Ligand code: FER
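Single chain ahead, written as C-alpha cells, the form predicted on its own.
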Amino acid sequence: MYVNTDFILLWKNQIIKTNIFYFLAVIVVLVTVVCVYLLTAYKNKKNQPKEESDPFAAPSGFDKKKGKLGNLTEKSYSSKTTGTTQKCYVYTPPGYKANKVYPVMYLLHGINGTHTEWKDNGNPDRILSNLINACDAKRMIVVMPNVRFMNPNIVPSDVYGTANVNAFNNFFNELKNDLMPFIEKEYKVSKERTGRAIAGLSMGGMESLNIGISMPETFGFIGAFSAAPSLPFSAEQMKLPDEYKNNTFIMICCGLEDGLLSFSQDYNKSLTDNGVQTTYYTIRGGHDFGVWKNGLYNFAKRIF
C-alpha cells in the first residue's frame, strides 16, 4: 500500500503550528487578564484613603521587662493632716543620680486601692523604664501615694460611702502640706509647674482633675484615666485661668466598654467648652488596668 509521506508530514506540521498558535493565544489572554487585574488593584489601592495608625496604641510588650528597670522604694512620712504615718512608693528611673533634678509625677490609685495598687497591678516601673530606655519619655521621679486620708487610714467596708469620698478629697490638703514637702526634701525634684505632673485612675483620675484645675500654678500636666464621677466642679467651673489655658497639658482617656465613659466625655466637653485644650481618646476596654496602663504609657511619653 502506497502512503504519501509528504502529506503526513504536512499534516503533522499543520497540527504543530495550530497548537503553537493556540498556546500563544492562551498565554496572551492570561497575561492580559493578569495585567488588567494588577492595574485595577493598584488603582483601587491608590484611590483608597490612607489608614493612619492609632497614635494612642501601645506596642506589644510595653508593660513587660525589656531592659534595665528603675527602682521602686517604699517610703514613710509623717502626716500632720491626719496625725498618722503615711506610706508611698517612689519610682526612680534607670541611671538615677541623687544630685540631679528630675521632673516629678504624682500617680494616684482608685477607690478600692492604696499606695500599692499601681505597683501590684499596673507595672509602672516596666512601662516607665521601657519608655525611658527607648528615649520615648524623660527621666522622671514618680510618687505613688495613698490618696485616702482618714484616721485610722484603712480601706472602709463601704468604699462608695461619704466618709471614703471625703477622705479622697482630703488628699488635696495632704498633698500640699505633707507629701510634696516630704518628696522635695528627700529627692531633688522640680519645683516648677513645667516639671510637675499629676495623674490617676478612676477616683485618682477624678482627684487629678480636681487638684490640677485647683492648682494650675503647681501642675502643668494632668492625666485622668477613667475618671470617677464625683468631681466637685460644675461644668462652668471646669476651666483654667487665661494664663494657663494654652500651656497646661490635660489628657483624658477611657475604655469604650467602661460604664463611666460618659463622665470622661462630660469632663472633656466641659473643659473644651470653656476654652481649655485637651487630649482625649478612647480604647477598647472596661474599667480596668488594661486601659489604665495604656493611659500611663501615653501620658508619660507626652509630658515634660
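All values derive from a computational prediction rather than experimental measurement. For every residue, the number given is its place in the sequence shown, counted from 1.
As for the form predicted together with this ligand, it is not shown, yet the points below apply to it.
Participant: Considering this ligand in the model of the complex, which of L72, I183, V165, M215 comes within 4.5 Å of it through any heavy atom?
Facilitator: Of the listed residues, the single hit is V165.
Participant: Identify which of M105, I222, V147, M203 has a heavy atom within 4.5 Å of this ligand in the model of the complex; exactly one of them does.
Facilitator: Answer to the contact question: M203.
Participant: Given that the partner is absent here, state which listed stretch (228 to 236, 95 to 103, 122 to 130, 139 to 147) has heavy atoms within 4.5 Å of this ligand in the model of the complex.
Facilitator: Residues of 228 to 236 come within 4.5 Å of the partner.
Participant: Find out whether any non-hydrogen atom of L260 is located within 4.5 angstroms of this ligand in the model of the complex, and reply yes or no.
Facilitator: Result yes; L260 sits at the interface with this ligand in the model of the complex.
Participant: Is there a heavy atom of I111 lying 4.5 Å or less from a heavy atom of this ligand in the model of the complex?
Facilitator: I111: contacts this ligand in the model of the complex.
Participant: Quick one: which residues from 278 to 304 get a non-hydrogen atom within 4.5 Å of this ligand in the model of the complex?
Facilitator: Contacts from 278 to 304: just H287.
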